[in-house]
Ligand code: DGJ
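Here you get one chain, nothing else, as structure tokens; it is the form predicted alone.
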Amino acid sequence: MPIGWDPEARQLHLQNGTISYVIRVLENGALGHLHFGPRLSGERSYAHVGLGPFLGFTNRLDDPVALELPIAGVGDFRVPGLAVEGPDGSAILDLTYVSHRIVPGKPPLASLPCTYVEADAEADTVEIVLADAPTGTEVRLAYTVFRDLPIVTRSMVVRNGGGAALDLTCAMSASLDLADSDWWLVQLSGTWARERHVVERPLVPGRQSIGSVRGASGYQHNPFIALRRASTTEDQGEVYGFSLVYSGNFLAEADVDAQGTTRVRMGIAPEGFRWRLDPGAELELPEAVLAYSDAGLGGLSDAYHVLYRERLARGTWRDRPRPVLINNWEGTYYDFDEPKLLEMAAASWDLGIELFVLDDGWFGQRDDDTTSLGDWVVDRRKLPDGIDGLATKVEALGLRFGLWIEPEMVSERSRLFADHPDWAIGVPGRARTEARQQFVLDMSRPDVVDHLFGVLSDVLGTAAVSYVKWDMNRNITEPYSLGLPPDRQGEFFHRYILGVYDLYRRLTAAFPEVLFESCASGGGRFDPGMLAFAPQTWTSDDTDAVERLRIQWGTSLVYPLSSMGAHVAAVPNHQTGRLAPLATRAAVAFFGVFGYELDPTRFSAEERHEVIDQIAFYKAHRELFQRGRFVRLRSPFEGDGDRTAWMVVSPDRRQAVVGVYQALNRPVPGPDRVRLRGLDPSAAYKVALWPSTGDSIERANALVRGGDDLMAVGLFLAAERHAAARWGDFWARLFVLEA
């Protein structure tokens, strides 16, 4: 049974064929944590894992007792999982076990995105109720174990069952105690145009954390961390993963105490958070997704990829092949009109592109970024026949039509701001910070959300729009809502995200055939919360192929290829000035949701033929790229980072495409091999290069080879020095394997 209850030991055991998660009600009624990791027998008690009978911290201050919901101020001096201030001003709680219930499947959260099941047999859930009698605080913890994945999800609801108001100041979605600190912390960090780079460091005594207080998950840190052993690699060794299904302020932290134990916690950032719970009120907290792998970082990624691709993303486009698109932004910026767009669309159709996307500049008087955000009415100077007229003409060419929006923002120079200056976030009597010549709308207010749903429904409901790129180009400053009283301003950031989710939920329900792609100046809000509404995200505004190797590698630690928008852009690249070959740009962008970010009318005849071949190749392997198993082979973060390799393998292991990338060419290259993973060792594979170059690498590898041979020996990358000298910088090779 996936969840077992031993009444004598007062033990709950969540398990599947791979993992176990064991919880025990301790002697004082607190909820203790015994084990999360390799599967244990479900037939015995694991009370011996603890330190013996636990009667509270009264006479055992600072003992590293493993708790599911640690509380501050009662003798556990590590970071808490919950802090609630009572009417007397204290934050002391004595949360004890009341009851639990085990249910098949996975109940949804009421107000927040979360993972799900399509049949009850896919998972089991236990809901545990804890209570503190003096304050009336009640906590409902929900744990779900999936049948086929090494994953446990956890969420929490806090309810005020007393007669006086309570203030919630810290509420972590997950807290996990580990018995030692011999771990390396893995995080995904960066900034605009270099998001989600892999950063690693060994744990040391004290608190090591990442997070965001910007109102969004942010470029700086992704709401994901992992703990790996020093010896863990891509394909072997222990690793834990922690991912938060949330798009707002967050904290992910590892706290190592003096005894060498580690507490990991993850949830809404406590800084700037204070939620008033009136009697009878409750607050639902985001879902945390905890994973364990003893098959290295690759095994961890496999679990997250399957779950997020198939049981977090949802709707019409979850399983559909995503169209090859072209976005006009880097091709025209604001300088376009209908004839120019139709010229680009016609050229795109000739290449085999399936979707034409009109980016910023189609509304209000939007000739630059100083005006018109919030005025979602078409600019008839540029588009005399409106969005509906343009979309009809694009569809007549044989393409679908897509549109850019930035609904959460408003320009000071706009009709919306003139009519509703109070809708822009700011503190009365203080100046608002204007970033990118725009303010942020107060999405915590239902009237703002209602207005946006109305005007955007008018646009999407009157034109043949098949795709929406939802952008968000600045973070929140002067956080304050005129819709909240002074004693509830600590609720603002969370209410903002609830408003964003509400608008997403309403628009995706009203327009289920529209493919939504989330964007935040590129990857500034690439998180699981967004994937629940938009199954793909613009991975980064940095379209340079060499920079994208690091960005897409880091992103893949937790997010599947089907979630990563990846485009071929013009050169010199608009972010780096780099002149990467067209073939290299495509060879990187294939490993994601493929498209172009340029003006196709500027292609030479040779480039047109090359792009036609690229699109045909992607379409022929689209299912493999979007739904295959992604395997990382050689990291751009290791050594000099000059050579990167990865591959994608079909579920039946009959097909694979391997990408090998060289940043800077080197003189007199030595022998090199890239060993593959994930193939069928008993199969024979025909190996071909795409496109065919006839060079020494192709001649060495264009053979029929065994899967065992390719995994044990590898592909051959050596070259004669005179031939290698002609390759130049920024080259790529794609190897196509067919069993």
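Just count from 1 along the sequence shown to find any residue number. The structure displayed is predicted, hence computed values, not measured ones.
Keep in mind the form predicted together with this ligand is missing from the figure; the text below concerns it.
Chemist: Do Arg436 and this ligand come within 4.5 Å of each other in the predicted complex, heavy atoms counted?
Modeler: Close contact exists here: in the predicted complex, Arg436 approaches this ligand to within 4.5 Å, heavy atoms only.
Chemist: Indicate whether this ligand has at least one heavy atom within 4.5 Å of a heavy atom of Asp255 in the predicted complex.
Modeler: So Asp255 does not count as contacting this ligand.
Chemist: Report whether the minimum heavy atom distance between Lys469 and this ligand in the predicted complex is within 4.5 Å.
Modeler: It does: once this ligand is placed as it appears in the predicted complex, Lys469 has a heavy atom within 4.5 Å of it.
Chemist: So, in the predicted complex, is Asp359 in contact with this ligand at a 4.5 angstroms heavy atom limit?
Modeler: Contact check for Asp359: yes, within 4.5 Å of this ligand in the predicted complex.
Chemist: Of Tyr97, Tyr661, Trp646, Trp404, which residue is found within 4.5 angstroms of this ligand in the predicted complex when only non-hydrogen atoms are counted?
Modeler: Only one listed residue qualifies here, and that residue is Trp404.
Chemist: What is the one choice in Asn475, Thr584, Ser521, Gln626 with a heavy atom within 4.5 Å of this ligand in the predicted complex?
Modeler: Flagged contact: Ser521.
Chemist: Please pick out the stretch from 414-422, 85-93, 329-337, 274-282 that is in contact with this ligand in the predicted complex, where contact means heavy atoms within 4.5 Å.
Modeler: Of the options given, it is 329-337.
Chemist: Could you run down 68-100 and flag each residue that has a heavy atom within 4.5 Å of this ligand in the predicted complex?
Modeler: Residues within 4.5 Å: none.
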